[in-house]
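Here are two versions of the same chain, shown separately as structure tokens and labelled structure 1 and structure 2.
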Structure 1
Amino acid sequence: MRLLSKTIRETGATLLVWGTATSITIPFLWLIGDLLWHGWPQLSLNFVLALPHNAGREGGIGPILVSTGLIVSVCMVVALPIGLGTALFLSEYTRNNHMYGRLIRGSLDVLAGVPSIVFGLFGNAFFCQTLGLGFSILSGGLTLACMVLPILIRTVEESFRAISQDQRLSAAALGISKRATILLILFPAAIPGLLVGCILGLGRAMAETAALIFTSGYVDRMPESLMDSGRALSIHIYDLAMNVAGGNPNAYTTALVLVGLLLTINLFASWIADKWTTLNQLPT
């Protein structure tokens, strides 16, 4: 009887796990299938490279792709060094019960839950108006950097904390300095976690709409500098779907391109993390 009861519990747990995984997978597959069904017929190299015409109903997304790339590049160039430095400070130079560290972690947790529209209003007030950057790619990238920092910092901090304390103690016993320990031992071991943080940050930055409407603007021409206004892919999708009659076909195709870019970045980062882990496991 006990054996039967144990088997029933194990079967129930297995079904629960598979059911949960299926409930997540089915909406994702439905979303990808819907995008492929409506967007694939129009997807071509010309669509990716061409200029948009007739309010986006015709032509392609060449300038929008360039603007998106520039906005995301500004975001990550600013966020990565700040995020990495803060994560190192929290994990290596403060204790869990340190008041200053607790204040920073609490602030990051609050910021991670702030709606993107609030970041957009902040970016418009501070970067666009106070600093005089106007509606520009630079304003949009800096605003997105503020948005992704909480996720990036917390992810990288946890990756450093996951490293065994024995490695730090062994380095200290050998007389290795703190700086050398971080650069030569801890940082290489935390590369997979850093990549995860970058992927999460990129995902939020590339899919963001509300914050960019108030900072980078709507202009769909080819940007000439970071001070030019630029339309991101997410804004282009929103505009075609909500404000342009007959824009749904190009909205679907643009959404398919955006999802494809996100999946490509995820797969590439996972491949790099696997290769890095394999190399670090090789005997010396």
Structure 2
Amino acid sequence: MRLLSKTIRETGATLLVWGTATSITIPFLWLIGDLLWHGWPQLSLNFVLALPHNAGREGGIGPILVSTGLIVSVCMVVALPIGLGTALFLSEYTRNNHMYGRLIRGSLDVLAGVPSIVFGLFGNAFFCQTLGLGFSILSGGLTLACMVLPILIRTVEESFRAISQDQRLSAAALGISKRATILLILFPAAIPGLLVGCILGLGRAMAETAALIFTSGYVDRMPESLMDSGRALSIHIYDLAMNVAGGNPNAYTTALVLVGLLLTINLFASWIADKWTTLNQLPT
């Protein structure tokens, strides 16, 4: 009798676990399949390059891709030096229980959890109004820089920490100054990790919508300078789906382009990460 109930329990659990896995796979395939089914037929070089017409119902996404690229570039150009400097400081100049380092780490952890819409509010109040940048690509990029900073710092710091302690000690034994050790020995060794951090930050910036609605704005013209308002890909999808009747076909294709870009970026990051770990495991 006990054996029977045990068998029933085991079978039940197995069914439950397999059922869960299937029930998650179905919506995932549905989502990807739906994007491909509706978006693929219209995807062409022309769509990627052309100007949008009729509020985006017709035409392409040329200026929107340019704006997205500019916003993301501003974001990375600002976030990279700050992120790199902070990561270096945290990994090379502070011990784990050091007060100052712990304070910075703690505040970055919280910052990583702050909702993107709150970054949007902050960006609107600080960059657009207080600094007087208005609704512009620059405001949007700076807001995103604040958002990606925590993830960037964490990845880069980990890649510095992963470098073997022997390298630092040998450099010290040879009398090499700490600055030279960092710039000439640790920095080159951490480049793959740095790249992964950048790519992950780039992906997060590109996927973002809520932080951009009221910092970089809605304008879908070709931007002429960083002070122009520019519409990101994700905002284009939102606008076509919610505010433009009959915008769904182009929204599908734009979503496919965005997901495709993000997939490529993530695959590239994990490819670098894989290659890096195998390189590090080679006997020296």
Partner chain sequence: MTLFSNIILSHSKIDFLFLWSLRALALSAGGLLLLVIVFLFHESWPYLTQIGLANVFTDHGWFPTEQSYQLTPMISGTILAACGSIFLAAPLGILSALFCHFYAPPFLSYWYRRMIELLAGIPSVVFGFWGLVVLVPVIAAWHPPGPSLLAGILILTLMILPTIMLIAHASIRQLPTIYIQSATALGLSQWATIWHIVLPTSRIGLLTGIFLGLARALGETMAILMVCGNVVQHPSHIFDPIRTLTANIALEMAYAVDHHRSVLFISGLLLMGLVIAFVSLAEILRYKTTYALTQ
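All of these numbers come straight from a predicted model, not from anything done at the bench. Rigid core here is just the name for the largest C-alpha set that superposes within 1.5 Å across the two forms. Sequence positions of structure 1, starting at 1, serve as the residue numbers.
Structure 1 is taken from the form predicted alone, while structure 2 is not. Superposing the two forms on their core, we find that the Cα atom of L267 is displaced by 4.5 Å between structures 1 and 2.
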